[in-house]
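Here you get one chain, nothing else, as structure tokens; it is the form predicted on its own.
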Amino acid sequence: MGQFVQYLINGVISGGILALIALGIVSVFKATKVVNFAHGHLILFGAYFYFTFAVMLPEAAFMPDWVRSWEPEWLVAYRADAPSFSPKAAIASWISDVPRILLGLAGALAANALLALLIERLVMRPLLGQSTFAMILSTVGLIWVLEGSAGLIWTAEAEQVPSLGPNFPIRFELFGANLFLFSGSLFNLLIALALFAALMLVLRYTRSGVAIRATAEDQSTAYAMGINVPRVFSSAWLIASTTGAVAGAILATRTGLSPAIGLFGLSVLAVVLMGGLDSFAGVLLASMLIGVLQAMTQWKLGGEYAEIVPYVAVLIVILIRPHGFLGQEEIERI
């Protein structure tokens, strides 16, 4: 029973991150009716932007020393009293990196937003009025453009970046089994769920959110009601860039910086199809289910089988419910 709870916790943590990534895909689809196959590479750029602003920029000669390593007197005293490898030592190291982390997140959010707006303005907006299939193919082409551009700009691979939260092991006993998780993973889950909830509130209660939901229902009617539909498209891509930047930073802290991060977005498409392409609640449900299923499969069968779980699960769900858990029936599948 203890092992079951251990892997259940691992699955929920993974599911929260999957939900954050899926949110970007759903937001673009709801506004534009286009499945953004390049979303994984927005995440890749978010990870590299976080690396640039949190690791490379603080080391520049013109940056103040306190950005590189913030060590006020009280923190030095706090660190001196901390045993090696203790939670106290991990918290002290994290506090020292706080300027790097804040600079990295701010830079990643701003740079990824600019990238998303450029994609929307230069690639997607000229295709307005064209077939949805043509717009989808343009996002497929973006995969290679973004992947090649990242390879030209950055050469770092498997680089470590500052964790978004203090990272120390948390050990506890349950049902006679010794269980543990890393506080950094728990912190990442809280960030993912908090951002997911915040964006849901924005879509539900703000004027921009109402415009996005109205455009999702009927673009022609939204135009007739005076809604600036191109601006709505830009807002949807900004949401995708925000989730991509934060998800990229989280994945970089979990697995290290690597071009393979870009492939993660393609696997999340299975989650989106399972939950429903236009349903935020559906993708949250599907993300948690897939996260737990993968964790349990890894426990019982091994990691190689866990990789195919999302695709098997989405195939079963689509055979029973072609539009996903909570998707609307008028959606046309690709």
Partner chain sequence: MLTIENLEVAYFNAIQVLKGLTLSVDDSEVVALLGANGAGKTTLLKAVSGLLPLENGAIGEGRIRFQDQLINKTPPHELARAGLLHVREGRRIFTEMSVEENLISATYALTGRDAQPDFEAVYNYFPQLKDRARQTAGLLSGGELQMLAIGRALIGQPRLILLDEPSLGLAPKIVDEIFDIIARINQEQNVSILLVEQNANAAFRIAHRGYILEGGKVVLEGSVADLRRNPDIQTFYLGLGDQEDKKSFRDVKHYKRRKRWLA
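This is a predicted model, so every value here is computed, not measured. Positions refer to the first chain, counted from 1.
The form predicted together with its partner chain exists for this protein as well; it is not shown, and the discussion that follows is about that form.
The candidate spot formed by R79, Q160 and F182 is out of contact with its partner chain in the model of the complex: none of the three has a heavy atom within 4.5 Å. Although the partner is absent here, R125 is not a contact residue: none of its heavy atoms lies within 4.5 angstroms of its partner chain in the model of the complex. In the model of the complex, L115 stays away from its partner chain, with no heavy atom inside 4.5 Å. Interface residue remark: Q3 is not counted as part of the site for its partner chain in the model of the complex, having no heavy atom within 4.5 Å. Although the partner is absent here, K88 sits far enough away that none of its heavy atoms falls within 4.5 Å of its partner chain in the model of the complex. Heavy atoms within 4.5 Å of its partner chain in the model of the complex are found in one stretch of 185 to 193, 217 to 225, 163 to 171, 106 to 114, which is 217 to 225. This chain appears without its partner; in the model of the complex, the one residue of A211, I119, I239, I101 with a heavy atom within 4.5 Å of its partner chain is A211.
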